[in-house]
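Only one chain is given next, in structure tokens, and it is the form predicted alone.
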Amino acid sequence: MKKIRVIVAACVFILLLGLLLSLGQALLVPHDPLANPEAALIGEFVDAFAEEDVIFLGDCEIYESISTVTLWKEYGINAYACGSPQQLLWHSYAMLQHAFAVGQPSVVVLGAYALRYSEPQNEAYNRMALDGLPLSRAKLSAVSASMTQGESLLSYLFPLLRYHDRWDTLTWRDVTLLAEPPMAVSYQGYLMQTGVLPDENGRPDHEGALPLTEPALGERAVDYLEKIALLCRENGAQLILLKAPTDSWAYPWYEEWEAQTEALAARLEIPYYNLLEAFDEIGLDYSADTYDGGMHLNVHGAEKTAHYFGEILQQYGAPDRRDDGRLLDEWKGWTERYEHEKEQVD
């Protein structure tokens, strides 16, 4: 009898300890979407992605350049933009593995800008990409490839180890957020930017960018592109490589990278679209369609780009789902919220 009581007491202790650790982690890991919307994007993807036909993968060139709502309104394309800041290709690979585990996208659009990176870059961006993914072999592999000096695998498995020292900066809002339903910051992954900060030239231009010191694409990035291409073939999905129609001194797209990307896409038999070459056809104007001087598109530029790229997606088999009543209802809600946010500025 005494042995049973000891076992029960031990089980209760372990349960309470687990609950306390879970509560502490939920409280201490930054979780305010208003303070950092980009940090909430992958968590939203994990919660929402299930049956979308098209998935976009990449960095801010993906989640700010193409309006998913416009794709739905004009083409009935049910798409999700799974982006995160400075998303590296090994991040994208893990996210695509998750997408195929829970759904079956038929078209995968991958941002080309990350091909420049071969090494881990930044812990904060690693966290934004990986903390929201559920534990899996794919996540563990991505974490191992991503860690910068001083990071540990254990802190990704138990983020409380990374954020335990936030006790003295907690606010009452951190506490109340635990009881509130998650607030959506995106529209199927698209993060709306409504501001306007023109580029003086009105066109893509990376004048003033630093000279190119590493002209070769990242070796590790190329390896992961090959893995992504293979994963798409295994799952019967069409992979498309995409360069967003943005080019600036801060985020230049050099001719050397363009030539290598074209050659790489040809070798892997992947269609590649550099939308910088379609700038006029898209109808973009950097005096009105950018919110930060030409580095990224605002909502008006993202809608124009979606209008243009939607036709391309149709060519690769993205279906029109507007005959699906359930999807119509879901997109009606997202569209109404989207238009309301736009009206706050327009």
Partner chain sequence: MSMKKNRSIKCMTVVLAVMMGLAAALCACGPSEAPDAPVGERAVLSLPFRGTEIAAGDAVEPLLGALGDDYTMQEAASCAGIGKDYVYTYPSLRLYVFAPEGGEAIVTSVCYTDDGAAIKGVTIGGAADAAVAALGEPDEQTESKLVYRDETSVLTLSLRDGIVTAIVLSEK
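Numbering follows the first chain given and starts at 1. It should be emphasised that the depicted structure is a prediction, and the values quoted were computed from it without experimental measurement.
There is another form of the same protein, the form predicted together with the partner chain; it is not shown, and what comes next is about it.
- Proximity of 56, 77 and 238 to the partner chain in the predicted complex is absent: no residue of the three has a non-hydrogen atom within 4.5 angstroms.
- This chain lacks the partner; the member of 212, 135, 102, 263 within 4.5 angstroms of the partner chain in the predicted complex by a non-hydrogen atom is 212.
- Of the candidates 250, 270, 145, 231, 250 is the one whose heavy atoms come within 4.5 Å of the partner chain in the predicted complex; the others do not.
- Checking 121-129, 218-226, 106-114, 91-99 against the partner chain in the predicted complex, the stretch whose residues place heavy atoms within 4.5 Å of it is 121-129.
- The shortest heavy atom separation between residue 255 and the partner chain in the predicted complex exceeds 4.5 Å.
- Although the partner is absent here, residue 38 lies within 4.5 Å of the partner chain in the predicted complex, judged by heavy atoms.
- The partner chain is not shown here, and in the predicted complex it never comes within 4.5 Å of any heavy atom of residue 198.
- With a 4.5 Å cutoff on heavy atoms, residue 60 counts as touching the partner chain in the predicted complex.
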